[in-house]
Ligand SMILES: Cc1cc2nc3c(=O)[nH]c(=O)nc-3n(C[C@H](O)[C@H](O)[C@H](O)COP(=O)(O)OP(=O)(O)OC[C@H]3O[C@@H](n4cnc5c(N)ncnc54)[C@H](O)[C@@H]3O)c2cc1C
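The form predicted on its own is given below as one chain in structure tokens.
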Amino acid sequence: MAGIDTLKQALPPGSWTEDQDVIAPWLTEWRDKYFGQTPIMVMPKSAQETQKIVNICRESGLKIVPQGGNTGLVGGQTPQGEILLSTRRMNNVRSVNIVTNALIAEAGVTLANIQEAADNAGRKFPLSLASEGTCTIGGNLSTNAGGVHVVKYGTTKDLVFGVEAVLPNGEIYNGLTDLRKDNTGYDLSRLFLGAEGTLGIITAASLKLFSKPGHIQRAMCALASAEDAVRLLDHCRQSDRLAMFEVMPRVGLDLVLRHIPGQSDPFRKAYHWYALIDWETENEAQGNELAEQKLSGALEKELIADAVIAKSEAQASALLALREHMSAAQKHNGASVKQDITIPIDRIPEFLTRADQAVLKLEPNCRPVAFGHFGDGNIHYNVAQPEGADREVFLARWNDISKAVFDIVDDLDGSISAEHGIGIMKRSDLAERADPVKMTLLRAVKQAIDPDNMMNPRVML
């Protein structure tokens, strides 16, 4: 293929490979739902190399699928014959400015390394995900990742000053800045946030840093119901120090305890629900005092049945691990239909009741597992196959189960995608359910910036 040969001739050694054994790990989605193919994987080390690749692909009529750490869960990073462009070699933290509280990182830097760079400078980058050791900031930006700290800091969109991106026409858009006020037209950088690589390839970003808290006070509470979780959230966030409020069910905790080595139940008896809470305080004494005050009050109001307050970093890490291993543990539960949805917080209990009823009616004896970022309304609603059921037969019900769940989400004024994006998996659902005016505007933006549909052509639209 002429375009492939031109790419190989134009790029320096180490910037491309056709070796399918090398490429293979990057063609399989983490939960084994999507499997891809590509004639070549290109691995640029700079925006300029990326620009060169885009120009050659445009002139040759080749399509591009960008990929970061390959941790996406909706198939958006998996090529089906397109050129696979990996951003992993663009992995430099270019600068850290503690006066403007800005950090400029290239797209292939892992989230964990950005957190470390901020921490080394005495600052905090608050985006935090279970996959942070593997996922890259370019992918986080492209999907507008959420994570566990949205309740205080917002999604990735709220943590970005601007981006550098290579456009489909080969030009480099430089939106890197640390200005907090700039009213000179449209905020163009935000077009690329949550765009899933459909408008261009993010090569770097200027990120917002925050003061590092003196202490993070963690606690885990036992709850009788999801309704109690709503009331506990309101009780706990009466202070602006609340940074995390995660909720998980007993069935999910049991999976972690059973299948993930080294985990232990912090309570002596089982409860229906659990809330994992972080407060950010000036020091440990203040953290302990706040937790004791809030949770003793919650016990008096009968919002919680029991609580464990972390007294060391090791104990705090052990509590967080129970939540972070929730997704991995479910792999041992057989095939699952997984959804990432948002519901108005006060309507989450209603959603859980109605969704469980709907999926059990469709698939008797299936096993719903709902957990996630309760503090911002984001629920990961996963439906595991009945015990002993045929995996493929159950997965063939994916669309039916999803439709039942999404109908309830729509009825409750929620969203069918909270933090994972649309990708391939929800493309038809978006087209069917989104406001027609919104779809017209989305398509108009895509047509204006990428008229040849070169960038991630099968995703979102």
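All residue numbers are counted from 1 along the displayed sequence. Worth saying up front: this structure is predicted, and the values here are computed from it rather than measured.
Only in words, not in the display: the form predicted in complex with the ligand, which the text now covers.
- Although the partner is absent here, Arg218 is not a contact residue: none of its heavy atoms lies within 4.5 angstroms of the ligand in the model of the complex.
- In the model of the complex, the ligand lies farther than 4.5 Å from every heavy atom of Glu82.
- Contact annotation for Leu320: none of its heavy atoms lies within 4.5 Å of the ligand in the model of the complex.
- Taking the partner from elsewhere, Leu129 is found to have a heavy atom lying within 4.5 Å of the ligand in the model of the complex.
- Every residue in the set Gln77, Cys135 and Gly146 has a non-hydrogen atom no more than 4.5 Å from the ligand in the model of the complex.
- Note on the partner interface in the model of the complex: the residue among Val163, Val383, Ile201, Ile277 having a heavy atom within 4.5 angstroms of the ligand is Ile201.
- Per the 4.5 Å heavy atom criterion, the ligand in the model of the complex is contacted by stretch 59 to 67, the sole one of 429 to 437, 408 to 416, 59 to 67, 39 to 47.
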